[in-house]
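The form predicted alone is given below as one chain in structure tokens.
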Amino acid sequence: MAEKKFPLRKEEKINLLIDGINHAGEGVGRCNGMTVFVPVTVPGDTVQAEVVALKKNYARARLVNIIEHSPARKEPECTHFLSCGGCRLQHMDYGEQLRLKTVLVRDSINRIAGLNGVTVNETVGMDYPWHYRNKVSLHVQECGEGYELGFYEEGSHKLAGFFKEGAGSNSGCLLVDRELNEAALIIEMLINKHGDKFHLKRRTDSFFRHVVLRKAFNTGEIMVVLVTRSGDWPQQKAFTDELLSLWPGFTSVVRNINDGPPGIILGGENLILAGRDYITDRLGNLAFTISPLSFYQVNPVQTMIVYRKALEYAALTGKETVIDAYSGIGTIALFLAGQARKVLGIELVARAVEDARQNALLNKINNVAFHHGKVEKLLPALTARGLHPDVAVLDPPRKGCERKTLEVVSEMKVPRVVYVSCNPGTLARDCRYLAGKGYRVEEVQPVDMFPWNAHVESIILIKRAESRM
């Protein structure tokens, strides 16, 4: 077989106009008829780039020089922007980010899903798109005779030093809540003071692994989770006592035991060092308990926009039975329960189901029930027992819904589906499937849950074609 000839060569330097971005936030251009992805570029840039990889249908290149700057290009706010990789769009005007996210969602619906005539609204952004994250997970890394907290630089295990005393405005992450940045600085100092240096000498794997910080946006409660390997920590009490003396307001201080492989942040065992093992936040009129293992949206301001739009699309009158698939700790289910006859939540994570049930009790809501298991297995079982939902809310992880879940929803002929998606690609795939099973995608509302990143959340209204609900 003859070797495939590419219109470009590896290490070749090319000039091209960037006219879009992909789902990873990389600039997209074309050269000699081939699509080329170039990180850290902005639509409207004319650039020189060097080809670093050739694939069947596209090439990847690194930015060498900007020949002509796009009007939407800006100077990044963070000094770690190029190395960290956590904010892929800080070099781009925020208004342009919102426009391009709308284009990404619209393109996914029109081109990938092959659906025409769908209303895709403009992406809802933030008035102040900084310091919005209510949770941060930091690596703890050995450095010389001590420890350092931070994020890994992109594609490496080298730590970006975010939390340095005396760093002033450059201390911490610009996306993370300011109080959590301050807390990280204190915790780094205390780990170095009370971290038992013998662990550095006696172990090939670090005793301290991660620090996870969470803040309840509307109550101000803060949780500290110190992730370590198992074993004695003689200075554990001294660490905790000094932490509370420096910051008495911590609601929860937990040591999480994780002897698992790298890449898994939290283990299954929690030891309460101070306070309780949860914090409480409020969304609207509802209260929610958040444990170390709970999934909870990291952008509380935009979360309310998503949930209100989901409630609008559900169009509840008080008579409906609602299924909330992938229900987590019950936030959407409880948000909808006040306007539905009955809500059933299905969730795979056992602790999340426990939290959801506790949250229902906390809010004195008795028309909800939460079931533990896989959606694709439980939904058919509930159907066999006579379940006939009027509305199905689908809020899957990034990989989208399992095909079996969509099959059951279509076989049940649920009149109205509200799909909450964090991935335009899998959203398009799932919408295309439902459209082939008698459903009509009517409206999409993108919401910018993650400013300065390429991710975009979408809420989608889908109806059965014969349904007038």
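Being a predicted model, the structure only gives us computed values, none of them experimental. The numbering used is simple: start at 1 and walk along the sequence shown.
Heads up, the form predicted in complex with a small molecule isn't pictured, but that's what we're talking about next.
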- Task: Considering the small molecule in the model of the complex, find the one stretch among 384 to 392, 370 to 378, 104 to 112, 68 to 76 with heavy atoms no farther than 4.5 Å from it.
- Result: 370 to 378
- Item | Of Gly172, Pro292, Gly328, Gly195, the one that lies within 4.5 Å of the small molecule in the model of the complex (heavy atoms) | Gly328
- The unique member of Ile279, Leu138, Val224, Ile332 whose heavy atoms fall within 4.5 Å of the small molecule in the model of the complex: Ile332
- Message: Checking a candidate spot here: are Gly25, Leu98 and Tyr132 all in contact with the small molecule in the model of the complex (at least one heavy atom each within 4.5 Å)?
- Response: no
- Query: Hey, in the model of the complex, does Val349 get a heavy atom within 4.5 angstroms of the small molecule?
  - Reply: yes
- Task: Indicate whether the small molecule has at least one heavy atom within 4.5 Å of a heavy atom of Pro397 in the model of the complex.
- Result: yes
- For Gln297, is any heavy atom within 4.5 Å of the small molecule in the model of the complex, or not? yes
- Message: Residue-level contact is defined here as any heavy atom of the residue lying within 4.5 Å of the small molecule in the model of the complex; does Trp233 satisfy this criterion?
- Response: no
